[in-house]
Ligand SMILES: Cc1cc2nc3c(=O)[nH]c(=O)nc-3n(C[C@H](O)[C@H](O)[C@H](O)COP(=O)(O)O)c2cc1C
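Have a look below at one chain only, the form predicted alone, in structure tokens format.
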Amino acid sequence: MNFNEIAKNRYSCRAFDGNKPVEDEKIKSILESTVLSPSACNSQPYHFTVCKGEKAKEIAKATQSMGMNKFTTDAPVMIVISEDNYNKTANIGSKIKNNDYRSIDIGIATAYLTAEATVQGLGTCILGWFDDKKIRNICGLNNPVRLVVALGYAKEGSAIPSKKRKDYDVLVSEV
């Protein structure tokens, strides 16, 4: 699968097969690709906590307040992405340029994670709606949780929805 095919096939899966576990080899392969993602000054200011079984169910519940994300109940794996410290160079650069590179780096790593999951035949959904305090408690984390990724096989018969995107000319210009 080339990158354009990955981009066309990756979508926010909201119908997971809760009876089909994700193989440990696939999870490892996904995370091995993820840690190869670029980051400011190669600081990799993030940490990935893989939750399966009862822990995944607890994390799913922590993403479901106010009626949100009910589909996560069936996701067999929840990957919690928390912030970590910069290295010294990125920390200095962040202060001088007044730019939080951690959020950018976490976004890039998450894109790698979801792309490799697509290659592995798995569905993902990136979640920004969650209870940070509960998830930190469940996972024993000290640093802020920035994203949670639901991971698993899509339910049989789930179709990739058509992508609704702004026109290329609206998003791209040359000067």
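Residue numbers here begin at 1 and follow the sequence given. For clarity, every value in this text was computed on a predicted model and none was experimentally measured.
The same protein has a further form, the form predicted together with the named molecule, not shown here; the description that follows concerns it.
Item to complete: Examine R165 and determine whether its closest non-hydrogen atom to the named molecule in the predicted complex is within 4.5 angstroms.
Response: R165: contacts the named molecule in the predicted complex.
Practice prompt. Mark I126 yes when one of its heavy atoms lies within 4.5 Å of a heavy atom of the named molecule in the predicted complex, and no otherwise.
Written response: Contact check for I126: yes, within 4.5 Å of the named molecule in the predicted complex.
Worksheet item: Any of the heavy atoms of Y101 lying within 4.5 Å of the named molecule in the predicted complex?
Response: Residue-level check for Y101: no, no contact with the named molecule.
Worksheet item: Even though the named molecule is not shown here, does R10 get within 4.5 Å of it in the predicted complex, heavy atoms only?
Response: Residue-level check for R10: yes, a contact with the named molecule.
Worksheet item: Pick from 65 to 73, 133 to 141, 27 to 35, 50 to 58: which stretch has non-hydrogen atoms within 4.5 Å of the named molecule in the predicted complex?
Response: Selected stretch: 65 to 73.
Practice prompt. Using heavy atoms only and a 4.5 Å cut-off, determine which of V119, L147, C41, I108 is in contact with the named molecule in the predicted complex.
Written response: Partner contact (heavy atom, 4.5 Å) among the options: L147.
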